[in-house]
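Take a look at this single chain, the form predicted alone, given in structure tokens.
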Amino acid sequence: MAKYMIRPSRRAVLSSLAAASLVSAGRRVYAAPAPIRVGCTLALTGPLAQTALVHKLAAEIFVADINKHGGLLGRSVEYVLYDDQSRADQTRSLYEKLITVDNVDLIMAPYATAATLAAISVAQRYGKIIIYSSMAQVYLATYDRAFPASHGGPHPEISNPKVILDAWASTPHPPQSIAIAASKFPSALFEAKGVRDLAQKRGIKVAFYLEYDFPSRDMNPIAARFKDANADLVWLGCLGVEANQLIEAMTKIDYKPPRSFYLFPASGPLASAPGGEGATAFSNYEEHPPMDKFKGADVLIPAFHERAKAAGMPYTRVDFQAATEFAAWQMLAAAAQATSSLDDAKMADWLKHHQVETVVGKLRFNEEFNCGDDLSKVKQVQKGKWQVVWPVAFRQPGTTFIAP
């Protein structure tokens, strides 16, 4: 069981010693206030590790920056992180440990739906506020103190597929048929069924719909099914490097779909993959105008470049995975600062009644399941970089949606 302690720097600790003094006569020293300990798990190993590393770097950047500026509530912040190994059962036991053994002050959610649900169940048992950066099925988060940072609205099974199909409908030659394959992972299945149902309502022929085990071991049969179907749009409900596995499998059989969409790919590997050019995927933030001027982008973007390069990541630009993790920490800090406390109930109540300006935009939490607006977007690989292509208002000036 690996534990990662991200402690404040010496400079950050010294900056929080406003109350400390040295009395020369008695040499009496007032100790620095104890750091605020924030506990979390991430899939640092296992099939979700490539994407979880992005979340880890974004969290570390936020912690380093807030400590650089005096900490939170006059106290430095310490990030207590465990590896949940991409396993929901491991996640559940580790959050129990964080709360009952490590006695952390606050908790943050892990990466991915199954792990997030496990963490929320523990948070509810102890009455802790928990902010999650990745879970499509928000209706499963019925706990009153669970808040999303990745905003797809209260009914993403309706709004998310609409954004995706609207994007393709805006092109000169909208797809008339779609082939769908989805991982048997909660959020992937949730989104895939929504796309299938909406496509049928719009008169788009569903060439086939299939589900495969997570994590995928062999994408060759799925690639063959896609080629045989010869649909206008290939839609893959994938996680991590499954998108790359499918592209490799399709390349082997000399097939490149005219249009493709990948739900939650590992951004770097897909952007740089041979055959990845033109691929589209879900997003709510990419590193380009106008989003590079949102609150906190000036901190996140340069620091992420540096840390991602040091970590040997193939893609060092900020994407929605990094941005939503950073936004989750912005939400946590905003609630603590506004209430001048670490009281879970007070912080949760404040979030319900206020908006928070974050790197992914202004978030509100006053609808069902503590949701607000659907901020979903569609991005496309163009010359090895991700570009938001839909909605039009979030495109970088001069960028177009490259489509048949």
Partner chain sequence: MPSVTLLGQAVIAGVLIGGLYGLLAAGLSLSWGLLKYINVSYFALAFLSAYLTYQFGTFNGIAPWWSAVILVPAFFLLGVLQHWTFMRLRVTELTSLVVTFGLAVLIESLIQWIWTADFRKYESGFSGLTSKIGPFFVPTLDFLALVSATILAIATWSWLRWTYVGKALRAAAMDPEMASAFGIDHRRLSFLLSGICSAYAAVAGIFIALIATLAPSEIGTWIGVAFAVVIIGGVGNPLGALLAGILIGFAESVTMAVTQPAWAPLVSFTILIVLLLWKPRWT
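Residue numbers count along the first chain shown, from 1. Small disclaimer: the values here were computed from a predicted structure and weren't measured.
One more form of this protein exists, namely the form predicted in complex with the partner chain; it is left out here, but the text below deals with it.
Here the chain stands alone, but in the predicted bound form its contact with the partner chain, taken as any heavy atom within 4.5 Å, falls in 235 to 243 among 235 to 243, 123 to 131, 284 to 292, 152 to 160. Only one of the listed residues (A64, A32, A49, L342) places a non-hydrogen atom within 4.5 angstroms of the partner chain in the predicted bound form, and that residue is A49.
Note on the partner interface in the predicted bound form: the residue among I222, A188, I164, V138 having a heavy atom within 4.5 angstroms of the partner chain is I222. Contact check at 4.5 Å (heavy atoms) against the partner chain in the predicted bound form: all three of R217, K252 and P314 pass. Shown alone here, P274 lies within 4.5 Å of the partner chain in the predicted bound form, counting heavy atoms only. Using a 4.5 Å cutoff between non-hydrogen atoms, K227 counts as a contact of the partner chain in the predicted bound form. Proximity of K184 to the partner chain in the predicted bound form falls within the 4.5 Å heavy atom cutoff. Although the partner is absent here, P269 sits close enough that one of its heavy atoms falls within 4.5 Å of the partner chain in the predicted bound form.
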